[in-house]
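There is one chain below, alone, in structure tokens, taken in the form predicted alone.
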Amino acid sequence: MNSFTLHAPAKINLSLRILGKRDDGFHELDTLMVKLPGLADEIQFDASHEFSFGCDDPSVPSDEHNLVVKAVRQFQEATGLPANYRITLRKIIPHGAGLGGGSSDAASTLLGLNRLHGSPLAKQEIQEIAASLGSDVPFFLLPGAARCTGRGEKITAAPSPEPFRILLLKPAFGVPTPDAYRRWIQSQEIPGIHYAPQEFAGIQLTNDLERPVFEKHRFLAELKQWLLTRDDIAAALLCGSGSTIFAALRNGSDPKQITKAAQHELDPGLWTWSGLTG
């Protein structure tokens, strides 16, 4: 096999609870995540005489700081095998959006390399490498929804909710995940902003990172509240650590009309995407 392409899907957290600070510096989490199969990066593997990596988004690092490159290095170390492929990443998922793009790219890279080399690594070995790369990476190794605990690396398959249509809205800025967690314990709620769990499709939608993220990035709080005032929106929530807000749409809602209104009333530069959850 000289060339093939994998799709690395985005995710949203339907719930994200922070249970406390751990001794290792991470936070103890309980989160329910689902994938967005219609929103995915593309990772192409082409046989080559040596490893190289490129990305079509110049804002994404293409050196050893990139999770794809880190995944390649970990695979080489674990197997002793060369990764003689040119890996090309086409970014569709925005960077710094809370949608798990980098983690999904890393997981797909591990799966792709393992496939290309005839599966030298067992599933458990791949999961251990994934967990060392980042808390969200193991989630993307498995299909369907999952409840993730520990620092996020302990994955338990969960019943996938019935697919529902969502609208994602993201301003130009991103939110560094470490900063959101670092500010969590001392952050305060903004008066008038809705933080309480929202019932939708039999799920309690909630995100404990809204408090620190909204306190620092008040536009995101304004964006969520604006969505919740609309009759065509059933619920709205911060995606992971942000800076994306997702809106669950009521039947018959027109995402194009909502997008047009949001760009007109709030921010003409908003990035948006609409589709079904997985």
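Being a predicted model, the structure only gives us computed values, none of them experimental. Numbers for residues come from their place in the sequence shown, where the first is 1.
The form predicted together with a small molecule is left out here; the points below concern that form.
Undergrad: Is it the case that residue 27, even though its partner is missing from this view, gets within 4.5 Å of the small molecule in the predicted complex, heavy atoms only?
TA: Residue-level check for residue 27: yes, a contact with the small molecule.
Undergrad: With the cut-off set at 4.5 Å between non-hydrogen atoms, does residue 181 touch the small molecule in the predicted complex?
TA: Residue 181 belongs to the contact set for the small molecule.
Undergrad: Quick one: is residue 135 in contact with the small molecule in the predicted complex, heavy atoms, 4.5 Å cut-off?
TA: Residue 135: yes, in contact with the small molecule in the predicted complex.
Undergrad: When the contact criterion is heavy atoms within 4.5 Å, does residue 147 count as touching the small molecule in the predicted complex?
TA: Although the small molecule is absent here, residue 147 would stay clear of it in the predicted complex, with no heavy atoms inside 4.5 Å.
Undergrad: Please identify the residue among 177, 114, 74, 88 with any heavy atom within 4.5 Å of the small molecule in the predicted complex.
TA: Looking at the other structure, the residue within range turns out to be 177.
Undergrad: Using a 4.5 Å heavy atom cut-off, which stretch among 224-232, 247-255, 27-35, 46-54 contacts the small molecule in the predicted complex?
TA: Result of the contact check: 27-35.
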